[in-house]
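The data below hold one chain only, encoded as structure tokens and taken in the form predicted alone.
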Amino acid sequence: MYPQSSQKRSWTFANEAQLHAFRVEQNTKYIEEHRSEAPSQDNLENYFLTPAEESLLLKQYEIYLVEFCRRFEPTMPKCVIGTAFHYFKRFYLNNTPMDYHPKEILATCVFVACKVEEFNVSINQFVNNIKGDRNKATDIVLSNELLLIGQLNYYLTIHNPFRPIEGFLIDIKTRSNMQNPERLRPQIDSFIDSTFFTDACLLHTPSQIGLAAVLHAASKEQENLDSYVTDLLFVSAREKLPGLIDAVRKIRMLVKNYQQPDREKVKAIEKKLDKCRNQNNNPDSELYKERLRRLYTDEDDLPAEDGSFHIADVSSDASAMNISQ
């Protein structure tokens, strides 16, 4: 149950300002640790990503996440997509894209979500949905899996809004006068898809998000469910009604205010990221390959330094692991 869950206890936050503070902290920490790598100490913003640039970049990769999941074969359940979004957003509260490229973390989030939601696909099936070097993709996903789980504090159970939505629809059919509540589903699904691109899942409960979706869909269908909420749903808990109304309003504003990232700006940010990212976590760097080599090989068995052994011997071609096309 959500009220006793780790999601409520550890991964639901007070407001957007708190989330922003976490992200700025990670950005500042990375720059302080890597500032010596900048060509000039006077204009660090010209070399490292700013928090605003990181936000724009992550917005674009959230779009890629949805696109990847929608074209996935076999067809991916909605709960897997919702859970993957939770993981992706949680990870980047504690990390910066300069440390871990979102392209690689995105794929790992989806893979772990498949496992947790019992959508049974093997690693081979999974990487068959990734264009490019699939051996490299396998290495990246598996090597990041434990990293991701650790950064989530091993809290993997996610409460999505889909179950509350079903409960609301059943209740509306049973106790309200609305004709054919099933016609709300397309608008509900569209609204929930839109919430994935916001921080709603880090700020509000699944039932609040679900109710916001139902009320939004009802308004689009020229239906009014105000009396259902006030006279039926909260008839015995009217003291909670103001808080619920405020939460629903905030969720709908988050969706309304969302703006898709400018693709040209994102391209410029990605070029900047290529220069300032942590090479220890870059699969195309020799530092990364050496780290993997030592991770998978006993020290006594390490081969001579002749480049003859590689976990993933790939070119630096950026298309080697491509989930955005």
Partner chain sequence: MEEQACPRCKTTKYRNPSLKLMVNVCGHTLCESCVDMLFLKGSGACPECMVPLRRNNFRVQLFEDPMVEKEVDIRRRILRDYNKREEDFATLEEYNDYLEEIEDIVYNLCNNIEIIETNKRIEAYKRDNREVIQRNKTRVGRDECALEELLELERVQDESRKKELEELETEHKKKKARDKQALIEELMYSGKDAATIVSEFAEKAEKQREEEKQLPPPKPANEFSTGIKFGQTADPTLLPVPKSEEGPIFIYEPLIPITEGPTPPPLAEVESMGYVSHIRPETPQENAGGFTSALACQRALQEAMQCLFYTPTTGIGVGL
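Positions refer to the first chain, counted from 1. Since we're looking at a predicted model, the values are computed, not measured.
If you look for the form predicted together with the partner chain, you will not find it shown, but the lines that follow are about it.
Among Lys131, Arg249, Arg175, Arg183, which has at least one heavy atom within 4.5 Å of the partner chain in the predicted bound form? By the 4.5 Å criterion, the partner-contacting residue is Arg175.
Looking at Gln187, Ser194, Gln208, Ser143, which is the one with a non-hydrogen atom within 4.5 Å of the partner chain in the predicted bound form? Of the listed residues, the single hit is Gln208.
Do Leu244 and the partner chain share at least one heavy atom pair within 4.5 Å in the predicted bound form? Output for Leu244 is yes: heavy atoms within 4.5 Å of the partner chain.
Quick check on Pro77: any heavy atom within 4.5 Å of the partner chain in the predicted bound form? So Pro77 does not count as contacting the partner chain.
Any chance Phe126 has a heavy atom within 4.5 Å of the partner chain in the predicted bound form? Phe126 lies outside the contact set for the partner chain.
Flag Thr138 as yes or no: does it have a non-hydrogen atom within 4.5 angstroms of any non-hydrogen atom of the partner chain in the predicted bound form? Close contact is absent here: in the predicted bound form, Thr138 is far from the partner chain, nothing within 4.5 Å, heavy atoms only.
Can you say which of 97-105, 251-259, 78-86, 166-174 gets within 4.5 Å of the partner chain in the predicted bound form, counting heavy atoms only? So the stretch in question is 166-174.
Sequence-ordered residues of 1-21 touching the partner chain in the predicted bound form, heavy atom within 4.5 Å: Residues within 4.5 Å: Met1, Tyr2, Pro3, Gln4, Lys8, Arg9, Ser10, Trp11, Thr12, Phe13, Ala14, Gln18.
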